[in-house]
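Heads up, what comes next is one protein chain in two forms, each shown on its own as structure tokens, labelled structure 1 and structure 2.
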Structure 1
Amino acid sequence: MSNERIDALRKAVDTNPDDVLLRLVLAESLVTAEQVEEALDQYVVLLDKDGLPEDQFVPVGELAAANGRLALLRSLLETARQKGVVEGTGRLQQLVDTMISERSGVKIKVGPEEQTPFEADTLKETTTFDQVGGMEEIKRVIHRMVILPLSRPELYEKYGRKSGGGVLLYGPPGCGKTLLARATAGECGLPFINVRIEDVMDPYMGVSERNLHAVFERARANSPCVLFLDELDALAFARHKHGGSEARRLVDVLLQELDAIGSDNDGLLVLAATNAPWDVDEAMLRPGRFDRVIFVPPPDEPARADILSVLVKDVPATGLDLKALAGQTPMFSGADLRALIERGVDRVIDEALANGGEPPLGMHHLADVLGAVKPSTLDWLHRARSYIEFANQSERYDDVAAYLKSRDVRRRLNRDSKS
């Protein structure tokens, strides 16, 4: 295809932008000339103007999939469904699923006609509770509430209880909620599907809801498995606090998916995490949805010592008293402890550059930077205290209230308020 003809077609389309037949000829000419991206842009306009013939949906979809144009592929699928197109819709759905699977790293079953085996061995989570420092009480609670129903299904079946369900982990950021979720999947010997906000949220109307539904459908197809929804407050922001209809629709879809848990979703365990449980829609926390809510506090002193030992495991060090350091870092999250070690290592590197050699990390390096690292959990705990004082009528957050009343925590928060 000569550039002169394509240029002429471009000018003609610019002059007559509503002439869909002319635009279709331009798009096909661009494909022939291997100018695929521009051709796909023209197909987007054609689809928007309802000018793409139905028999072109699958060829254009395959072209879009080959060039990473997921938004166009989804639009083709949605338009085909709206028009009631039967032939080719399954192929478009398969292309969408394959693209999402490749981007997220989650392998899925693609349909009855062309079904791939579920590669459980490659998807099973390997993290276990042994790799989670401290938090022994929380591990016991999760073991009783989550792991036992999955590892001893015959016992629960005898008493009419099914495996699966919803568990919400909440607490300050950086305290190991995601790691706990992974370890829960590892303890159960199940695949772990981590759903991030960017995997669901989409600026186009209706796409976020379809993405969320697709996530649950894939998890159901590959159950038993653990589906983890991070930052639940972003997906399920309280409807009475949000005026937009789009956010309300997303909450409604999530409620519908959760209502299926325990009925046709036997073996599907949904874990979620949030730093702001009070911003999660109340309907999420009713029985049958996220009816098990677990507080993940900042690590206690033994847990901090465990975390520190993991953080310095591969760092050349000498004379470190991790137990003493753990005692000097109250209210530090795991992320705060990582920041402390990294700053200490920075001091070591500065020393190596100034004096030569490769000095090991020592307690004096960490003592030098200890005052510069503040526990990031304090802001969250202050907000939690304010919330619990005025809005804990349901007593859902009594575990947080008990934690805040402990002598050491109360003293630290009061001191922080005065400073």
Structure 2
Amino acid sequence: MSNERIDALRKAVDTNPDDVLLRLVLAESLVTAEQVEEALDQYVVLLDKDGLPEDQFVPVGELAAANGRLALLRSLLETARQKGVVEGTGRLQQLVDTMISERSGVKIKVGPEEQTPFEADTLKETTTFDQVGGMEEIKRVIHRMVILPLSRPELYEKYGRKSGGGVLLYGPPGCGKTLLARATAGECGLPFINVRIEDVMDPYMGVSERNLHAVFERARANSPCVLFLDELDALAFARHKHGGSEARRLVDVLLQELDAIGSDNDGLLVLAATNAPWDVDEAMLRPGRFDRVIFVPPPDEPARADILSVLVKDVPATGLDLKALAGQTPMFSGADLRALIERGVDRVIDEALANGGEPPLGMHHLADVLGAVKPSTLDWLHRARSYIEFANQSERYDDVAAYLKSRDVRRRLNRDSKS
């Protein structure tokens, strides 16, 4: 694009500062014209105005990283997390980590490494339960429901107990569903295939069904392995049943594939996760399909201390009182705790850049940033509460109901509704 046209675009953006589409065109033209710094400035504004399309997060992140724009990169990551943009969050995290360690010369790793899906397809998953903080009860349940039947099939045969069927994990965002699924594969010593909604959905007639079938084919080819369907509600949306036949067919394909498990899907363990179990088609939850449904609640206080210790394991630190910190972070999800530690580490890095040396992470760094990180589980819990109250489906969600009735949670939610 010629300089005149870019000038004209600049003027247009100046007069219509809230027109994000126009600004997006300007930013893209600037990139093409290799005026990258200015382009990145425009992306900062776009992000601020919530005008950056989600599929642009990673490309803009790469550009920001290549040009040393850490602040932009961090806001991209944070926004992606808040919006729940799963695709690319891992990549953005990687970019931030690399940039930080390059800058400070200090190698800092927070928590277990994120892995990109598909890459590690046929490799055995290396995440284990050790890397999942807290959740002792859930780990036990998974051990009994999933790991034991796989490792001791003869025991189950003897008692005539079928070990087939999938497990559906549900709960508020960021509380470790995906991590837990991965670790389950790791505990079984199996490869982990992570299927996300973007890998399947396609606007063209019939393509989504074919994609979904291909996913199961690939899993079968790699079996024994764990196939993980993230965002099951989107794949198997209940209202599809009454909606268009196109969407209905996708649910049918999924049902067929699940029903084949146990007959010819041997060695294929299917796990799924959702934030919205009430949106999952009922047919999905029948025996032999996702008949084991596990609530993954926000971590309680000891679990938070445990998660924090996992998160700071490789961070140079001194005098951290993780118990105290766990007490100060009620209703924080694992992801919120991770954000807290990352912000603390950012403080340390700022300090290292300003004064040199390699200062360790201390309580004062974390105290400084504690006010800036808010628990992200409350919205979900409010929604779950009204669902359970009004939809009269409490039986299936007994675990959630019990959790919501516990004193601390009730108080916290009531306080939250009033404010």
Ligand SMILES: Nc1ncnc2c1ncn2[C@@H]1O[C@H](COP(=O)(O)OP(=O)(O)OP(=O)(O)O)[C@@H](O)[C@H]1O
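Residues are numbered by position in structure 1's sequence, first residue being 1. On a predicted model such as this, the values are computed, not experimentally measured, just so you know. Think of the rigid core as the biggest set of C-alphas that the two forms share within 1.5 Å after superposition.
Looking at both copies of this chain, which one is the form predicted in complex with this ligand?
Answer to the question: structure 2 is the form predicted in complex with this ligand, whereas structure 1 comes from elsewhere.
Has the Cα of Gln42 moved 2 Å or more between the two structures, judged after a core fit?
Comparing forms between the two structures, the Gln42 CA shifts at least 2 Å.
State yes or no: after fitting on the rigid core, is the Cα displacement of Ala71 between the two structures at least 2 Å?
Yes; Ala71 is a residue whose C-alpha shifts (by 2 Å or more) between the two structures when the cores are overlaid.
State yes or no: after fitting on the rigid core, is the Cα displacement of Val315 between the two structures at least 2 Å?
Yes; that C-alpha moves by at least 2 Å between the two structures.
Core-aligned CA shift between the two structures for Leu361 (Å)
Its C-alpha moves by 3.6 Å once the cores are overlaid.
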